[in-house]
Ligand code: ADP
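Just the one chain here, the form predicted alone, laid out as structure tokens.
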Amino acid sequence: MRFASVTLDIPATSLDDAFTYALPDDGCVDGTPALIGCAVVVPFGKRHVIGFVTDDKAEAPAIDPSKIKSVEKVVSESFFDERAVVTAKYLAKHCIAPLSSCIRLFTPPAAIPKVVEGPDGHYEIVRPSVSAADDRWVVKGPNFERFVARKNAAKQSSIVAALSKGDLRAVELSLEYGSVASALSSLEKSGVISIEHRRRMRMGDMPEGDKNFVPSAKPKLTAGQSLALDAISEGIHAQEGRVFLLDGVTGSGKTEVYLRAIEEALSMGMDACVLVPEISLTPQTVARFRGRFGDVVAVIHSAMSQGERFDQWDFIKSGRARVVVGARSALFAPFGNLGLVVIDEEHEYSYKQDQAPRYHSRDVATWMMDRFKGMLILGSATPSLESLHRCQTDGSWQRLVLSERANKKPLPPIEVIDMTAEFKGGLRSMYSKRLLFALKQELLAGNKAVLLLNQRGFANFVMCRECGYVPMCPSCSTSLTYHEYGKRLTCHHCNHQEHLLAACPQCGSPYLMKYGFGTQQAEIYLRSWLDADSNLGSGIPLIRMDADTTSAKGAHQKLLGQFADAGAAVLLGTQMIAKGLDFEKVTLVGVINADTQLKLPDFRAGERTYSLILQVAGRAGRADLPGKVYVQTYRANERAIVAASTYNRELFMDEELKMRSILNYPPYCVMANVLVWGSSQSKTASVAQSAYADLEPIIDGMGEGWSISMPCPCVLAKVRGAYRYHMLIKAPYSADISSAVIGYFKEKKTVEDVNVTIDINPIDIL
């Protein structure tokens, strides 16, 4: 008898320990091997559940073997290996998350079977909704050349005639000739044709290896790129788990360094993973990697259908994909030998998962490359303060600087426009005269412009001028945003929608004013301004990119294509246009309101504003034409804005780090956010107080530098109908908060309708 460790597919921290089940001596169940990574059916209590084999050669437990239940059925292939198991266990401990949730990161989308218990005690296996797509191909059989059609077999004759020109899918014959099942069956029995089943990729045919592929040309490296690449190459060969922070200004050629590093890793038999923010995963980005490495590149991102993601996952698992480009989930793809991870725009907050397991890609990649002796490259023009601090305090981290653009062109000058002064001068538009004048000059010259407004919708909120009533979301503690198209009010947290009434529902006044502005209003005003100028004409394309215009599949790619194909054009959008775009003729960048993030009660607000301005400024003047940047703000003296406009990182960091040191915020501490939420405000508050009472003695017992704040309502006190409270745990830099509190979260009693969770190293605490 053999034994296997099985982790049940039940998302509960109390069931994190694997259970031991028996296997036949050959390790097979009904002839199917129960390998590590397989989904299996096992008895658990009085029911049957799905579990994952995490050890197929487990030691025998110290109990009577006859009392050990057996694995009853193997219901999938092996999805993951030992490295994935080790990583999942790390995630479960570090994030204090259910082990089954961590294991699911390594499985293909929508591919896990389910168990349905019948009333008679029997169970049924419900197969996954997504699997490999299979096409029936019609090919010539051994008797094809000897085929002679009967007089009444016109359909068979047509099929044979079509097939003489090459293999065809059965579905293609059906579209052309109608029902062909009977004709195909007769021809197959006669040996005239054969039916083959071939794997089909839902994003195109399975790559077969282009023998004529010619990699894209390699540009001459700058001195900075060469020095960086020398250090990275040495790190790849050392295989010591090193981390390199590639700190390069926009346009400095960081991507070329990534490409050369990947080439080095591939030559050593390693696989490579390139993570980019979801909003930067554009066709331009993917094309750079496919142009250099051809059909060994796989792509994974959330805009794909489940079937498309399954195909890419399967392509990677087959070993034919050696380079994977994708958003944060790509880190858990089934690599054969992952030796290099690249995280581009490492400062981006989209690398943080906001649901269990609440991991940060940077933390997980750092651990993985250290554990498995690979190498990590973090790249950014505006590195996070945490990464910069780590380079100063951790000998395994090294900062590599690219201080100039690859084409030797200067960074575009940034002019700050004080909108307070503009308002005092009588301006009532969201656009300053200076920005509009510069925009007109560039468009007349046939150039392109990018305008950033990090607020979608038409107006931030609506208010009655008679009584002050503001329409609020019934499920969230926030006002509704007005959208002009459809004249609807929308909550951007839960997507609640309602129509704007003609009169105030509270006092009946018709004077409902729209305050603030978003991308819709900015588009309407700018379109009117463009059309009214006889010199510009009415044909200037104005393309808006935000969550509303890019919700349809392929919309992101389509809109960027329109912008690229046009001559003079304007791209207006939210932060999704601030990075990852490289268009030669973009000579002007405008930030319509630089203050949107500064208003947030978050200690990272200044860092986010500083980073966003520099990132979007980097879209200008990337080729031969010089660029210019205009930043409109009502806080012209704000440190983040002054520092960004002068490219003076030290000015920003000196004051920012002083503030964080005084208040004990990262990078000078590690932090965790304990979040409590439920449908009843009083019950949620009571559970929060109880959690604090349990956690306070634990934290106090950890020694100097540890603290926990009293529970209080979150800034967003209600979201999707749930009331939210939180408390912050702070600990000395490099301390392990997870180890200190994991016992409490594993053993805590559940309270009906109230949830308690913890977020280690939170990105925001709103």
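Predicted model only: the values in this text are computed from it and were never measured. Just count from 1 along the sequence shown to find any residue number.
Not on display, but discussed next: the form predicted together with the ligand.
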Problem set entry | in the model of the complex, the residue from Asp531, Glu422, Asp582, Asp602 that sits within 4.5 Å of the ligand by heavy atoms | Asp582
Exercise. Pick from His483, Lys448, Lys254, His347: which residue has any heavy atom within 4.5 angstroms of the ligand in the model of the complex?
Worked result: Lys254
For this session: Please check if Pro219 has a heavy atom lying within 4.5 Å of any heavy atom of the ligand in the model of the complex.
Result: yes
Exercise. Quick one: does Ala406 come within 4.5 Å of the ligand in the model of the complex, counting heavy atoms only?
Worked result: yes
Exercise. Taking heavy atoms only, is Val687 within 4.5 angstroms of the ligand in the model of the complex?
Worked result: no
Problem set entry | Touches the ligand in the model of the complex: Val249 (any heavy atom, 4.5 Å) | yes
Seminar exercise, completed: Partner contact check in the model of the complex: of 329-337, 221-229, 98-106, 76-84, the stretch with a heavy atom within 4.5 Å of the ligand is 221-229
Problem set entry | Within 4.5 Å of the ligand in the model of the complex: residues from 611-642 (heavy atom criterion) | Arg622
